[in-house]
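Only one chain comes next, encoded as structure tokens, the form predicted on its own.
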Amino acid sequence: MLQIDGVIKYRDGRQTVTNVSLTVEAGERVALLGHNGAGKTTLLRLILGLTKIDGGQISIFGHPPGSIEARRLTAYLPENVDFHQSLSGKEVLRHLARLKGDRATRADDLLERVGLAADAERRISTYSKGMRQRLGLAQALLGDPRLSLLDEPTSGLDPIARWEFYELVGELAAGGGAVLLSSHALTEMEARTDRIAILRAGKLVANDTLESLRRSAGLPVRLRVAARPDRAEDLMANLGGCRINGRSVELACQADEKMALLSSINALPHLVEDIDIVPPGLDDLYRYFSAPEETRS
């Protein structure tokens, strides 16, 4: 659905996007990660046709960015949405529905879906940031887009609203839509996206599933072993590691050493109360791939 081939962008004589190639297929949720200035927003603007491509190609369902066909099929939710302050949420969404060729009742359905039905008649000027973000999400869903570009979409949302947002993203993908999410909220995206793409200084340095990135990085697995009462010191004496939370001991090993370490732990039932196995998370992988190659360890 979205095909990016060797895209290059210059700004003030400097490459801000360097030979980036990336695809987002139907039914796929891809997380686009990177530090501020890594090129995420520039890449989104290139996809939307708001910025000219200096090299390479982008195709949206076979159409060039910014074309009428591409715009019709694409939804965009920026980090900071803004609407006319004097209008109500319902007025704004119904107006946008008409512009997108959607029915007015669709706007009312979406207000219900994003939790704004009770506040639909209120002026935008009275909305909190989280409420404006919900309205922004509703407008992004108008017209049943096939490609959704979401830039920091959960900014300003409370935990329940974040959970509900990702439910909607899941529904978009389940319906055959392609979703590209740019966010700094790594933990909440770990279990809610299908693939991770990481930009560093305008270059794509990672693009794979979470499990494949774990194998590629070779980061250690952590085992957190809860000791029986007053036995944490004895547990450390037998296994090493470091104390955490008073009663627990944390150990680290490579993935191929995990079973041997578990056998050693299982041999100490008089000292061990419980075990948690913690594989490298998205935070760990992001730090690893965002670092220059010569400094990775």
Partner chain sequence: MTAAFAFARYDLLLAHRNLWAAISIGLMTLFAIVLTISGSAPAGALGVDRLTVTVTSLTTLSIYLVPLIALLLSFDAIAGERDRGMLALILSYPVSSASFLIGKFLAHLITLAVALAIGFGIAGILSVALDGASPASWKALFVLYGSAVLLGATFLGFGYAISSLVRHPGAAAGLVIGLWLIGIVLYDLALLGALVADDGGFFTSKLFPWLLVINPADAFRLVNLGGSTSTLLASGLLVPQDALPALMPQMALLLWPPVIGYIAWRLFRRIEP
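Since the model is a prediction, treat every value here as computed from it, not as a measurement. Numbering follows the first chain given and starts at 1.
In what follows, reference is made to the form predicted together with the partner chain, a form of this protein that is not presented.
Proximity to the partner chain in the predicted bound form, taken as a non-hydrogen atom within 4.5 angstroms, holds for one residue of A185, L168, L96, A120, which is L96. The partner is absent here, but in the predicted bound form a heavy atom of S86, alone among T126, S212, T105, S86, sits within 4.5 Å of the partner chain. Of the stretches 87 to 95, 173 to 181, 112 to 120, 195 to 203, only 87 to 95 has residues with a heavy atom within 4.5 Å of the partner chain in the predicted bound form. Although the partner is absent from the chain shown here, L50, I68 and V81 each have a heavy atom within 4.5 Å of the partner chain in the predicted bound form. Interface residue remark: L147 is not counted as part of the site for the partner chain in the predicted bound form, having no heavy atom within 4.5 Å. Heavy atoms of R132 never reach within 4.5 Å of the partner chain in the predicted bound form, leaving it off the interface. In the predicted bound form, at least one heavy atom of R11 sits within 4.5 Å of a heavy atom of the partner chain.
None of the heavy atoms of T154 is located within 4.5 Å of the partner chain in the predicted bound form. Residues of 135 to 160 that come within 4.5 Å of the partner chain in the predicted bound form, judged by any heavy atom, are Q139, L142 in sequence order.
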